[in-house]
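To begin, one chain is listed below as structure tokens, in the form predicted on its own.
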């Protein structure tokens, strides 16, 4: 007995192959039928790449990001596998929507295909759940905060929402328990259910065949192989081409900075939830379930009830407009809300800055990870990185009052001098010309204490005798201040002489002043590292400003940080601010 005969006797594979080769397509082969086949291909790509990713992924809050970064940046072709996995999953969602839309327009939910349709509808929801449970597994900022938004929506469901939220998170906040549960659901539970339902859906589809517009369409019959197979392959290849192109364009799937629950990341859900995200905005507090539960629930109930509502003998679209019109409005509404959300975010300048900051942090994380992630995890890697930590320190302790580059309070909320370029000649020149500008001391308790050297005072009598400082004198004083900030010698310079003549009536120089009651700062060493460090440690120490500058009556004065931050953090902040004097603008 030949091997083929021996195998066929035991498996019956020849009859199975013949049944496939001889299968027919009533009504003829069509490209419209290929969307389902393409969906099967993308699900298969997602499953295969998922298995490959599992070989290197470690699901815990201290290892997840590091393992994904290792896959993305170090494993051969790891970025390509990640890209195929993510874009394959997103393509599956798009194909599910197309396949479902065609099914509804074609009336393929009608008798005897009701169960086929309901199984397909369940598959659509499960494909979405598959993507939702996969995104947080990379444990980066985007996945983490999207999870917070999505589980927050789940938590608004009356009665069962909080329980479901706790069950999914494994506690009050996302952590290792969350990752373990999501990982189990993503790689075991959902694939089993999706696989079983997909097999059942395929069996039912083959049993009933395509839904034809009229019985006359059944006259034309094509072989499934090769007529329909050729169309299925062509559409699948095009879809795969798009997935591969997206993967190459982004060098794999995006990976943000490690998840940080204490950060102010601009949280947004994935694109397929933007419509729901936008829908929530008009509903607040107790009304929020209207957007998160009632409206989506009604939409799903309507789609599920279509086979029960559509009983007319005529399958044609014109006869079913009363049912198709609401479906069309639902689709248009979802598309409009998604576009509105994208447009609003694109026009939001503050969001743009936050996204740019998040991207910079992600790039920094990638650079650091190339040298290895410590056992404490990727978040510890970021927090121990001086470049990242000093930004975080400034944001947490300084940026609510001071502006320094992109780190700043909301527009108009500055309450302290701008530190952009602090210690530079440009900063010194500006404070001489416009000391009461809103970006200098105009919003502090020191407003009105220092006169401009170039602009006459508002008092008419004083303005009559005002004489602007000569440009050469101002340049000499600016040069003196810049040199002090750089730690250069200024003894005996023209700038020092002018400061003694024109500034020490209020300011201190080497601790000496003509007015001991004045609150003007010390100018020796002004803007230097030592001066900045002393100011951060204790603004009223006398090394920068006199003790009177800390008088409680002076609202909004700068607090001392020597007892609030460790010395290492204060030195980081000092160096961060001191860098401003050397930046070219």
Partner chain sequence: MQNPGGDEAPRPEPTIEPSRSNPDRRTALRALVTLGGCAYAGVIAVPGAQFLAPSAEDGQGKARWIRVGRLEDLPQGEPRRLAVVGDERDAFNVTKDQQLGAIWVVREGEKVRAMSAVCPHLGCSIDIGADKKSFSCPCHTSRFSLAGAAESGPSPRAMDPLDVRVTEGFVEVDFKRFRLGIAERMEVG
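Numbering follows the first chain given and starts at 1. These figures come from a predicted structure and were not determined experimentally.
The form predicted in complex with the partner chain is left out here; the points below concern that form.
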property: Residue 222: touches the partner chain in the predicted complex, heavy atom cutoff 4.5 angstroms; result: yes
property: Residue 549: touches the partner chain in the predicted complex, heavy atom cutoff 4.5 angstroms; result: no
property: 4.5 angstroms heavy atom contact with the partner chain in the predicted complex for residue 252; result: no
property: Contact flag, residue 301 vs the partner chain in the predicted complex, heavy atom cut 4.5 Å; result: no
property: All of 29, 71 and 208 with a heavy atom within 4.5 Å of the partner chain in the predicted complex; result: yes
property: One stretch from 111 to 119, 325 to 333, 187 to 195, 458 to 466 that, in the predicted complex, holds residues within 4.5 Å of the partner chain by heavy atom; result: 111 to 119
property: Of 257, 84, 485, 147, the one that lies within 4.5 Å of the partner chain in the predicted complex (heavy atoms); result: 84
property: The partner chain: the contacting residue among 489, 311, 281, 163 in the predicted complex [heavy atom, 4.5 Å]; result: 311
property: Members of 53 to 71 lying within 4.5 angstroms of the partner chain, judged by heavy atom, in the predicted complex; result: 53, 55, 56, 58, 63, 66, 67, 70, 71
